[in-house]
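Read the single chain below, which is given as structure tokens and is the form predicted alone.
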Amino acid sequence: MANETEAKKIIIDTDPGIDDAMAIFLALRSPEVEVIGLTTIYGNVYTTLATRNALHLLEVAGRTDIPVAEGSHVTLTKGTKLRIADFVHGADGLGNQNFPPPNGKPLEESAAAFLVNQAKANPGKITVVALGPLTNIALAIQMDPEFAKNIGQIVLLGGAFAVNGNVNPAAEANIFGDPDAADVVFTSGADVLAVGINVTHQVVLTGSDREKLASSKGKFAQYLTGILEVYFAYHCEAYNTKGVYLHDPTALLAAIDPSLVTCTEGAVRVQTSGITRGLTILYNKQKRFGEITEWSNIPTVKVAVTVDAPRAVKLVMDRLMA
């Protein structure tokens, strides 16, 4: 792990979600990072509920000192017909456990303004870990021309590079949630690392891992054992598998310890219309094309291509059982 004395400042942009809950708890259990805020977005649930769940998770963790900024309720192009994944995460996003409403309130500041102001105050020092559709990040980029330079890194869970998507064969859920925003982020010139489902589908929490969590005394492990039921049931039905994919925790771990993944670099564009809406295409820049097109002079980003899955799962287990 990183051996700097100073913890890396991170903001988690999130749509909690069961694996978001795991990622947030994992971040709070990781001494290498300091969570300086959560920003919320629609995805697994609508934005209002994402904010409620973020506040609730911080209360469970005893970390109400961490601010929550509410994000956009609509896509970058003002679209509102949003598909949410209640069939994956439960109607409340957290496994239908009927938790009491949180006492906390979000900041007055919007998620995009919070991102812009934090990046401005700590230039080059903040990593955004984006676990949902990329609307808030794109709004920050549009709000402040300097944001892409000020932000240290954007590690995003998104895309299905050279594999089928999980919303349909073309698209992964977070990119599909706001393809226009994703294209803005990928072409912004910021330091971007995309962790797609081509990688996260290799990182699986098994039934026996879940039993270990259940028998552990850790507060977070106990909480997660309760909410994982719905998530396991969905994976069993949709993928015919007895485990669950650790999408969000994998992206978070890549932000903490980049050595967990290997990457390729290139330009990424997102298809914003038609039956392949949400498709992410990586141009490896090996061929120089003669004509000037929408692919010319696009900044490069990093895309994860392999992951040390056993080490990732072990880190998740060790930290959540602590």
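The numbering used is simple: start at 1 and walk along the sequence shown. All values reported here derive from a predicted model rather than from experimental measurement.
In what follows, reference is made to the form predicted together with a small molecule, a form of this protein that is not presented.
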property: In the predicted complex, segment of 216 to 224, 112 to 120, 232 to 240, 186 to 194 with a heavy atom within 4.5 Å of the small molecule; result: 232 to 240
property: Proximity to the small molecule in the predicted complex, single hit among 126, 141, 173, 244 (heavy atom within 4.5 Å); result: 173
property: The unique member of 228, 88, 148, 204 whose heavy atoms fall within 4.5 Å of the small molecule in the predicted complex; result: 88
property: Joint contact, 13, 47 and 57 to the small molecule in the predicted complex, by non-hydrogen atom at 4.5 Å; result: no
property: Residue 248: touches the small molecule in the predicted complex, heavy atom cutoff 4.5 angstroms; result: yes
property: Partner proximity in the predicted complex: residue 153 to the small molecule, non-hydrogen atom cutoff 4.5 Å; result: no
property: The small molecule contact in the predicted complex: residue 131, any heavy atom under 4.5 Å; result: yes
property: Contact flag, residue 157 vs the small molecule in the predicted complex, heavy atom cut 4.5 Å; result: yes
